[in-house]
Structure formats: C-alpha cells, structure tokens
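Let's start with one chain on its own, the form predicted alone, as structure tokens.
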C-alpha cells in the first residue's frame, strides 16, 4: 500500500505507560496508533513507558495498523533516549512534537541519519505551535529526505489553543485558518495531514460534527483519545457507498469510446470534467485501500 493511499482515518493515541492499553490496541479498529511517550505519560513513568512501548512494537501483533511512536521533544531530558529506543524498535513512523522551524527539522534528521535507519522509518511531526503555523509551508516543503522521509503532519490543536489563547469552541472558527494552512502545506508536498483530537470523548454528536468539518477542510483523518470515537471517525472519513458508486460511474463514462479525448462530458445532465475523473479515481482508490485494511 502506497503512502498516498494508506488510510489514516482514525489515529488513536495510546498511553505508553499503560501495558493493558498497548495490548488492547492490537484489537481495535484504528487505521493507525500513536504509542505515546509524551503528553500521556507522567515524568516519573517516562523510562518505564519507553521500555513498554518499544517492547510492544518489537513484539508485533498489531496487524496492518500503522504504528507510530510519539517521542518526547529533543530538548527534554527524555527525547534522545526515546529516539534511540524507537529506532531499535522499528515502528512505521516516529512522531516528534513541537517542531516549529527548519532548524528543528535539521536536528531531527541528524538523529535519523546517525541511527542509519535508511528511510525505513517515516517521520511524522506535530503542528502545534504558533511558529509552526507561520512556517507550515517550509516544514512541509522539507519532506524529501533519504534518512527521514516526512510523510504526515499531525495537528496539535490543544497546544495551539494553549499557546495562542484561541478557542476550540463554536465550531473551532478561530482554528480554521491554521487548519486550512496546514492542509494546503501538506497537500502541496504529497503529505497526509491528521486533524487534532476532540476532547469530549463521550459526545459522539460533537465528534461527528468536528470530523465532518475536518473532512470538508481536506484532512485525511483525525487523532483520537478514546476507542469509543473509532466507529464515527472511520465512517465519516471513508467514502460512502453512494460516493464510490458515483465515482465509478464517472470513471466508466470517461472510458467509453465516444468520450475518448474529451475534456468534459455530460453525465445525467451534469457537466463533468477530467478533474472530476481524477477525484473519482482517488475516491475509489481510497475505498479499495480501506477495504483491504479491514
């Protein structure tokens, strides 16, 4: 499965200090898991969490779920040890928090290069500071690297709210410019972009509204904090049966001999252009990738 079609509808944070949670994650219907050594782990439990997470990744048993380890920042007492242990465990990706500048990226990539992982582990970065919002274009534009290929931007909306004073209420209107900026930066460079968490995990109606908003903005999926959020998120970020049916009809219509070479055709009274065929192909590819994952 290519990076461009790999489903990342649901990306569930699992606290690395809780062995039972790491075990339970093997059975959850999440496209991807972030095994967390940072925010979800108290300072006194950092070393134990590191050992448990890396042992769980090395043991395997997570099926086709994409595994990312979120390390502590390189400027913390734990960050360098987290990275060294994660390199040995060999997850699919390493998620680094508080990445704000190209200098931050250079330091991270120097660590990847020194570990000689050869691009086998992808780099994900948290977009969670005001400076990261201002530098989103440059950060996403630094995607290509043989040692640490950047493949995903993960929104840290709680930290953004903390650092800026902006509100997460009222439909997140204060966040929309930053969310849209990161979507544009990601898509311009062939990256995935994952929306921030919805904190009121028992409010499924509110979650559904925020998922729909994120999808409308162009997000590929959403980070989650509770397994009860999985079904709603997976459903909303997947093409519906009706969407897939329409997409297949567009592809089939352009494939007809009488439409060969045409840039636009009439389908049931609606003018459809080649760009709609490209969107349709992407829709079908995503649906097929989700079916293969499930």
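This structure is a prediction, so every number in the text was calculated from the model and none was measured. Positions refer to the first chain, counted from 1.
Same protein, other form: the form predicted together with a small molecule, not shown, and the subject of what follows.
Mapping the unseen interface onto this chain, residue 197 counts among the residues with a heavy atom inside 4.5 Å of the small molecule in the predicted complex. At least one heavy atom of residue 14 is located within 4.5 Å of the small molecule in the predicted complex.
Though the partner is left out of this view, residue 225 does reach within 4.5 Å of the small molecule in the predicted complex, counting heavy atoms only. Remark: residue 202 counts among the residues lining the small molecule in the predicted complex, judged by a heavy atom distance of 4.5 Å or less. With the partner left out here, the small molecule still marks one of 59-67, 250-258, 35-43, 231-239 in the predicted complex; by a 4.5 Å heavy atom cut-off that stretch is 35-43.
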